[in-house]
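Below, in structure tokens: the form predicted alone, a single chain.
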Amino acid sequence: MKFLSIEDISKANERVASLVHKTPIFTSSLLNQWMGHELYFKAECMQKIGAFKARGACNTVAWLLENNEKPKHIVANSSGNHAQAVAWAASRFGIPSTIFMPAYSSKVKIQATKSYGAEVILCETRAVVDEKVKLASEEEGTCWIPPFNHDQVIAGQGTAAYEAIEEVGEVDGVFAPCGGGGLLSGTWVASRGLAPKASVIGAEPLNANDAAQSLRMNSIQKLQSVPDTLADGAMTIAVGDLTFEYLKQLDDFYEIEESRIRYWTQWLTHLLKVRVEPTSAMAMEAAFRWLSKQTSKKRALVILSGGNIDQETSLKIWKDNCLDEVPRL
């Protein structure tokens, strides 16, 4: 397999620059003091549609047009942020879209996808979603934009780390969450190109650890049922054959317990004063574990993947108070 290059990420960045937000970098002097390291947070929770997924979807549609392959219709399968991203990107380019979503998807994400102009078709299971989108994609003039297993989706997602490293400069560690692996794959490419000495580290829920299982077994493993996790952005049943090859290149990979996902969702919301999805919090726990093993002061970049949370998830996040326990290494 041929990996994407930093040039691919740079081209993607040029394509999306005028269409997506250049999201801010946040720091917390208090957190840095407690941890004894410098942490930088790329706030994709402030991105278009509230998540990094806008980058991959927008880059893919722009790339199609660049190559004179404008589709008549776009379809996608997703349980959340990718659904919104494709609906938004398609509308930006004036292309009708249909999004297939599991019925258990976040209600706020279903409603948002509809609001961007897409036809939303809810299906009982993820397997049915995947079957229906595949059938729809076979219609003439229809383009299927998958949530992660596509070169241009990966390149687009990599622009978040690309922007961040260009702004922050050399870092020692880069941390991103893993669902299907698109963000983490693009982050690895961008980091290797701009900060080649940095460790690139991923994280996923222990309750939805198909990627970790796959890395241990050296073959793609699929979850047998919908995982029970606060991190609804990482409820993917399996990684893709493309993203799996990138995940193999990572310097480390952590499985995060629900209690730690809840802990860092509360603390990042409190310290940074931004809305943080539980999926984002996993990357912070990965940074916490990595930094705890370091013997000298490090600079860490954490990708906050999104900020779309419905009421049900919010109630689960805040059902217990985690803020009494100060985050110190």
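Source: prediction; values computed, not measured. Each residue number is its position in the shown sequence, starting from 1.
What comes next is about the form predicted together with a further copy of the same chain, which does not appear here.
- Within 4.5 Å of some heavy atom of a further copy of the same chain in the predicted bound form lies at least one heavy atom of H270.
- Taking the partner from the other structure, a further copy of the same chain in the predicted bound form has no heavy atom within 4.5 Å of any heavy atom of V20.
- Looking at S115, you'd find a heavy atom of it within 4.5 angstroms of a further copy of the same chain in the predicted bound form.
- Taking non-hydrogen atoms only, S296 never approaches a further copy of the same chain to within 4.5 angstroms in the predicted bound form.
- Each of W34, V274 and W318 comes within 4.5 Å of a further copy of the same chain in the predicted bound form, counting any heavy atom.
- Listed stretches are 191-199, 142-150, 106-114, 204-212; the contact stretch with a further copy of the same chain in the predicted bound form is 106-114, by a heavy atom cutoff of 4.5 Å.
- With the partner omitted from this view, the residue of V302, C45, A286, C58 that lies near a further copy of the same chain in the predicted bound form is C45 [heavy atom within 4.5 Å].
- With the partner omitted from this view, the residue of Y263, W63, W290, F26 that lies near a further copy of the same chain in the predicted bound form is F26 [heavy atom within 4.5 Å].
- In sequence order, Q311, S314, L315, W318, K319, D320, N321, L323, D324, V326, R328 are the residues of 311-329 having a heavy atom within 4.5 Å of a further copy of the same chain in the predicted bound form; the partner itself is omitted from this view.
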